[in-house]
Every structure is written in structure tokens, then in C-alpha cells.
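As a starting point, one isolated chain is supplied in C-alpha cells, in the form predicted on its own.
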């Protein structure tokens, strides 16, 4: 059985590492060091219809066994792991450099995790729109720049509001994607099947 040591990794990395391992293995054992990670892995199993078994060894040591089916049968990637692509026009709208309201530091960390998790998804959105404070994420020295470049290389349009970049004095520092305008932003959001806003 493939073992994934996810101890010390922050959310959502244990889930992402488990998903990667399950692409090549029918059954894996994930080592985690907190209860929240076990709940996230159980949620993954629920969504993907995997079998799951959690073994608590101590308050800081858990084993989560995930199985896609028979451990003797070959992996059926196309059947088990293929995401639902029935609605392919998904737009992600980012209007701030933090995720949620409350603590600024936590919000920055959550936004970084959101972009990282987005980059690791099997299914990618049509485009990601950045406007107002979100425009600060697509410029030089952004903490999510490398993940955004990876997403862009997969064919996702990264579009940043030009008026917003100008307002913050960041136009010359745009480091990924292209500049867009409010007409295009409204058009993309109004014609999308789903708009995801972190």
C-alpha cells in the first residue's frame, strides 16, 4: 500500500497529495497529525466515492486509509477520477487579496491556499478575474504568482482590471495574464455557468 506522509502539511496539501497518490494507486495510507486533516480526507472520500477508514493512534497521529475499490484491480483513472465537466464555463472572481473577513494574516493565508488548491484541481475554470484589491495578486512579488503562472500555462485566462492596476500604481508590474476592462468582466461573469468567489 502506498503511504503518503502528510504530517506537518497545512490545508489543503494533505488532500492534494492524497489525490495525486490515488491517480496511481487503488489504496493509500495517509499519515496526518490533526483531526481537521482527517475530516478533509473523509470529505474527499465522500465526494469521490472512495472507501475510507480513519485510525487514531494519538491526538497528533492519524492514519487515513483511502481506497478506490479492489486493491488488486488496476486503477481506473477515467472512471473514478474524472471530474464532472458538464458545465465547463466556470469563472473565478477575486476582488481582494485576502479570503474572508476577520484577521488579515489569516485571510492572506487562506487566499494563498485557495489559489494553490485551484492550481491543483483536475478541472480548471475558463478564466480568473482580478479586480479592486485582487489586482495586487497578479503583479510582481505576489505570494500566489507561481501558482497563477502554472494555472495560466494550463490554458486558463488570467485577467486583471486595468483601472484597478492603474489606481494602485501597479500597471507596469503586472506579471501574469492580461489587462481587461469592466465591460469584459461583466460579459464574462454574466455568461458563465458558475461564478466562484473566494
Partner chain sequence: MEKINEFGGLFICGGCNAKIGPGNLSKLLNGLPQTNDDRLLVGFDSTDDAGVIKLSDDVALIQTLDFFPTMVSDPYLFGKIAATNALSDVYAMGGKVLSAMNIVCFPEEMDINILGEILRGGSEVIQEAKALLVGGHSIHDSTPKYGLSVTGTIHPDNILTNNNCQVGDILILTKAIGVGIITTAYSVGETTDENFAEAISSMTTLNKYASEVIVKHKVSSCTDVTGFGLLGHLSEMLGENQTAYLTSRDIPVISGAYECAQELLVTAGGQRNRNFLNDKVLFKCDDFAIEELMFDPQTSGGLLISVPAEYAKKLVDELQQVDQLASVIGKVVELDTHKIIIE
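Here, rigid core means the biggest group of C-alpha atoms that superpose within 1.5 Å across both forms. In this text the structure is predicted, and so the values were computed from the model without any measurement. Positions refer to the first chain, counted from 1.
Omitted from view is the form predicted in complex with the partner chain, to which the following refers.
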### Query
If we take heavy atoms and a 4.5 Å cut-off, which stretch out of 37 to 45, 125 to 133, 60 to 68, 160 to 168 is in contact with the partner chain in the predicted complex?
37 to 45
### Query
With the cut-off set at 4.5 Å between non-hydrogen atoms, does residue 179 touch the partner chain in the predicted complex?
no
### Any non-hydrogen atom of residue 11 within 4.5 angstroms of the partner chain in the predicted complex
yes
### Query
Any chance residue 174 has a heavy atom within 4.5 Å of the partner chain in the predicted complex?
no
### Message
Is residue 15 near the partner chain? Define near as a heavy atom within 4.5 Å, in the predicted complex.
### Response
yes
### Task
Let me know which residues along 180 to 195 have a heavy atom within 4.5 Å of the partner chain in the predicted complex, or say none if there are none.
none
### Displaced residue check between this form and the one not shown: residue 11, CA, 2 Å or over, core reference
yes
### Task
Compare the position of the CA of residue 184 between this form and the one not shown after a rigid core fit and state whether the shift reaches 2 Å.
no
#### Entry: Large Cα shift (2 Å or above) at residue 132 between this form and the one not shown, core-fitted
no
### Query
Between residue 48 and residue 99, do the C-alpha atoms lie closer or farther in the predicted complex than in the shown form, with a difference of 3 angstroms or more?
farther
### Message
Closer or farther: the C-alpha atoms of residue 122 and residue 36 in the predicted complex, versus the form shown, with a change of 3 angstroms or more?
### Response
closer
